[in-house]
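Next comes just one chain, in structure tokens: the form predicted alone.
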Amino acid sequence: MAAGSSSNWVMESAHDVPHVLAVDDNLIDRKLVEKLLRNSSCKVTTAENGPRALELLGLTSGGQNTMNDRSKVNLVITDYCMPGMTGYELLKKIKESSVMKEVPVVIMSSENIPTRINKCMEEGAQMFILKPLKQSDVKKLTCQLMN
């Protein structure tokens, strides 16, 4: 079950491979997300927490993007419940950034809490997906990225 917004987000070229930043503190969940995304022909970079994701995106105080410009992220998919910084807090930081605010952010959670889902969608999440993530969920995401 996924809630989505109607805005369209498109990659710059149909020949590009979507680059997804997957953020989850749980190694098994992170590996699963990575595998599903790779199965859908995505380039995947993983981060174990929100601060690391911000570092990779160049949104830390130093402001240096640790991925080169050719590795521009087309989508961020993050777990909601993580220690230190929740997926919601990560979403807010990305949406507050002038450089990254257009990048779609998808939130994943094992808990179906309507107030949490609504809060994330109001803050600008592209979609809220219930775990466990399935290949069909990833296909929906990549179809939106490609079209």
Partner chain sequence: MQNMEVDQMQRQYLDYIKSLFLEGFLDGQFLQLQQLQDENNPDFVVEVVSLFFEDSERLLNDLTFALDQKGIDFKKVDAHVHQLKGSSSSIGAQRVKNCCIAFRNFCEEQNIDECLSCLQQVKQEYCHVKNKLETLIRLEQQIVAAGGSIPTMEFSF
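Residue numbers count along the first chain shown, from 1. Quantities reported herein were computed from a predicted structural model and do not represent experimental measurements.
Same protein, other form: the form predicted together with its partner chain, not shown, and the subject of what follows.
Asker: Please tell me which of Val44, Met121, Leu56, Cys81 lies within 4.5 Å of its partner chain in the model of the complex, judged by heavy atoms.
Answerer: Spelling it out, the residue with a heavy atom inside the cut-off is Cys81.
Asker: Select from the listed residues Leu32, Val103, Met85, Ile117 the one whose heavy atoms reach within 4.5 Å of its partner chain in the model of the complex.
Answerer: Among Leu32, Val103, Met85, Ile117, a heavy atom within 4.5 Å of its partner chain in the model of the complex occurs only for Leu32.
Asker: Do Leu133 and its partner chain share at least one heavy atom pair within 4.5 Å in the model of the complex?
Answerer: Leu133: yes, in contact with its partner chain in the model of the complex.
Asker: How about Ile113 - does it come within 4.5 Å of its partner chain in the model of the complex, if we only consider non-hydrogen atoms?
Answerer: No, Ile113 stays farther than 4.5 Å from its partner chain in the model of the complex.
Asker: Using heavy atoms and a 4.5 Å limit, would one call Asn26 a contact residue for its partner chain in the model of the complex?
Answerer: Yes, Asn26 sits close enough to its partner chain in the model of the complex that at least one of its heavy atoms falls within 4.5 Å.
Asker: Report yes if any heavy atom of Met108 sits within 4.5 Å of a heavy atom of its partner chain in the model of the complex; otherwise report no.
Answerer: Answer no; every heavy atom of Met108 is more than 4.5 Å from its partner chain in the model of the complex.
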